[in-house]
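In structure tokens, the next block holds one chain alone, the form predicted alone.
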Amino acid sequence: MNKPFQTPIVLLGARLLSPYIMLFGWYVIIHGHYSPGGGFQGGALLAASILLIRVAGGRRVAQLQIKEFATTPLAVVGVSIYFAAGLVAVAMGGYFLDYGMLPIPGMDPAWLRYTGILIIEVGIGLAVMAILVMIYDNMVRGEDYG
């Protein structure tokens, strides 16, 4: 983005479309364990909704959503959620990512596996979203006038 490209129509279209893309991304993450999709696809959709605003509005508008310094901690949180779910299962005497061994009291084993997969999908989605936004930010650093 060597020249600032900010038109009110493109920015308005991006701002109207971005929340629906983000909502669909969360839908894909949450329903990814029993329908097509999952953490990676949902994370890519979340990143697309953020990058749409970044491309349409430039750096000043982009910083209103997620600041550049916040993408690394978000990626770390996503990966930590994934590994924490696996390591908790190992600590409880099961295998890595054995969702049936998660210490959630009073839950049916089927719901326990459902919840464990959902935790994993959210962690993966967050990590993918943050890493894709981080890649874009690193690619355009120094090229944006906005």
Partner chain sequence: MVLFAAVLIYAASDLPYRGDPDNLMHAEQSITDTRVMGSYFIQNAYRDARTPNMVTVVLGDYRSIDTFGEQIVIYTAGLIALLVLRKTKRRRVV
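All figures in this text were calculated on a predicted structure; none of them were measured in a lab. Positions refer to the first chain, counted from 1.
There is another form of this protein, the form predicted together with the partner chain, and it is not shown here; the text below is about that form.
- Remark: residue 135 counts among the residues lining the partner chain in the predicted complex, judged by a heavy atom distance of 4.5 Å or less.
- Although the partner is absent here, residue 33 sits close enough that one of its heavy atoms falls within 4.5 Å of the partner chain in the predicted complex.
- The partner chain is not drawn, but in the predicted complex it has no heavy atom within 4.5 Å of residue 25.
- At the 4.5 Å threshold, heavy atoms of residue 120 reach the partner chain in the predicted complex.
- The partner is not shown here, but in the predicted complex the stretch 66-103 reaches within 4.5 angstroms of the partner chain through a heavy atom at 72, 75, 76, 78, 79, 82, 83, 96, 97, 99.
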